[in-house]
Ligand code: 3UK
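There is one chain below, alone, in structure tokens, taken in the form predicted on its own.
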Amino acid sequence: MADHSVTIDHSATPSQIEYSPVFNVAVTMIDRHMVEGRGGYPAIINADVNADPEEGAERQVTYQQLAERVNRCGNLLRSLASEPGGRILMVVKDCPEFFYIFWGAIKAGLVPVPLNTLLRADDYRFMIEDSDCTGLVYSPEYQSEITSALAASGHHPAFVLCTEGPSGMSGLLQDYSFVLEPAPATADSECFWLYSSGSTGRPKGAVHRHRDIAATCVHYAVDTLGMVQDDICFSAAKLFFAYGLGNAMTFPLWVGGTAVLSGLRPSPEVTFQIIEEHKPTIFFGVPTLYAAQLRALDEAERDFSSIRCCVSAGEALPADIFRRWQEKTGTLILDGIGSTEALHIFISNTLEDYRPGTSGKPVPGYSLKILNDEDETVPTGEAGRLLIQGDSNSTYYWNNPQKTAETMVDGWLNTGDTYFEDPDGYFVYCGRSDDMLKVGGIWCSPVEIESRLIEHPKVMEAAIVGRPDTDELIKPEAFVVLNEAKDASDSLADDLLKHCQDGLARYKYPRWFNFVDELPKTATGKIQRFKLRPN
């Protein structure tokens, strides 16, 4: 068998990664643990299965079981696929089968493409056609949308497979060998795709290489979070997008740790129960969830004693939520920013170096620059477009040369985010570049105003957009989610106005206040401000 090894020099800054000439990342992520003696160690805990499960439902999957099932699944997929290197779409909930399909496909030389499980039939139809997929695997919960998508699609995959049932994947695996020779690949070979959230149009398929997984594991999981084998990871963010894929699968597998999975909607009560029962050491969430959890913690205390740190991404974490969370739980939330195209977080706070209200500093292995409209580097303290360079960056969008040319320029990724660097080297998020407001001729960050609103004790979430006044001049408009909907009133709007005027530059205060039940968001937790703008 070829080497498929990876060598890391952690004494260098950043850590240096060297790959063998033949490198299939599934060998490093799955097979390596057998050689290193972790076969009996728990790789996965299925939190949705009771302690006394029904026959066939497993609460725990060891590394030995994982390796065998990955191989069986790889052999199954290879037998069904119409071509080597074909795309396998995955509409699969957070469960052990996700691991089997993802790594089995990669080891077999196929390309897994996890899809957002919250989408509808028309979105799936588009991705079935756009990817020209050879196969599709889905959890039974999504059968109705998948069936409708396939019926409307002009492309017909070679196979469509449900994860469960006698004729589904679970019923077929035992018919295939638990031995699988890894398909030859290099660190730069195409490995898997992730579709962007499509918040401003149709989703785009970001193509990732085998090396991209290793780069995020080394530079973020190990060098930034200090993850080790004893860590147990629980991510409220799901596996189908980049943030969750690292949190709940690639990071624990890299260090030989344990992932706690749940296919349930991550409500405060569900996450609290899982944390108390399974004792994760690292919890990954998004600001929306942390805000809802804080509200629940006002009603009753919960046990966070197992957790050594929490992580947040998807949207900027307000400093007020950071402070309140630390007071309530005694743990830190390490805010950071990542993207589908970069695969995971590339700017982050750390346990040793953090500043509330900022995204932190560059993760080792990533270079950053902030440019103005003339593509010139801006001075410290001045906002501009953030571009990043790193070993995990996607090299192109599938079937979309125009967006590739706009986003991936000379080895740099245009993130579409507006940032500035403060005098101490911390990077401060100002919003998506197309969310920035020009008020009174001065650029204004919606995130700054939202953060001020969230500091009010009655506010849980807020979003700011631009709205023309009677003179057709753009002014901030606020959409506010309250902790208690019954508190909505004109007098509270007046109170929020004064709260903003007391803490912000005068031109930044909202001119209009709207109390709403919820804010529109992408699956990754990003506020879709464009949906709130006036038509």
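Just so it is clear, the model here is predicted, and its values are computed rather than measured. The first residue of the shown sequence is 1; numbering continues from there. Definition used throughout: the rigid core is the maximal C-alpha set that superposes within 1.5 Å between two forms.
Heads up, the form predicted in complex with this ligand isn't pictured, but that's what we're talking about next.
- Note on the interface: of 174-182, 387-395, 133-141, 432-440, the segment with non-hydrogen atoms within 4.5 angstroms of this ligand in the model of the complex is 432-440.
- In the model of the complex, this ligand lies farther than 4.5 Å from every heavy atom of residue 189.
- In the model of the complex, at least one heavy atom of residue 315 sits within 4.5 Å of a heavy atom of this ligand.
- In the model of the complex, at least one heavy atom of residue 359 sits within 4.5 Å of a heavy atom of this ligand.
- Put simply, residue 340 is close to this ligand in the model of the complex: some heavy atom of it is within 4.5 Å.
- A heavy atom within 4.5 Å of this ligand in the model of the complex is found for exactly one of 417, 97, 231, 145: 417.
- Contacts of stretch 128-151 with this ligand in the model of the complex, defined by any heavy atom lying within 4.5 Å, are made by none of its residues.
- Core-superposed comparison between the shown form and the other one: the C-alpha position of residue 401 differs by less than 2 Å.
- Residue 330 is not among the residues whose C-alpha shifts by 2 Å or more between the shown form and the other one once the rigid core is aligned; its shift stays under 2 Å.
- Compared with the form shown here, the Cα atoms of residue 436 and residue 313 move at least 3 Å closer together in the model of the complex.
- Distance between the C-alpha atoms of residue 474 and residue 375: longer in the model of the complex than here (change of 3 Å or more).
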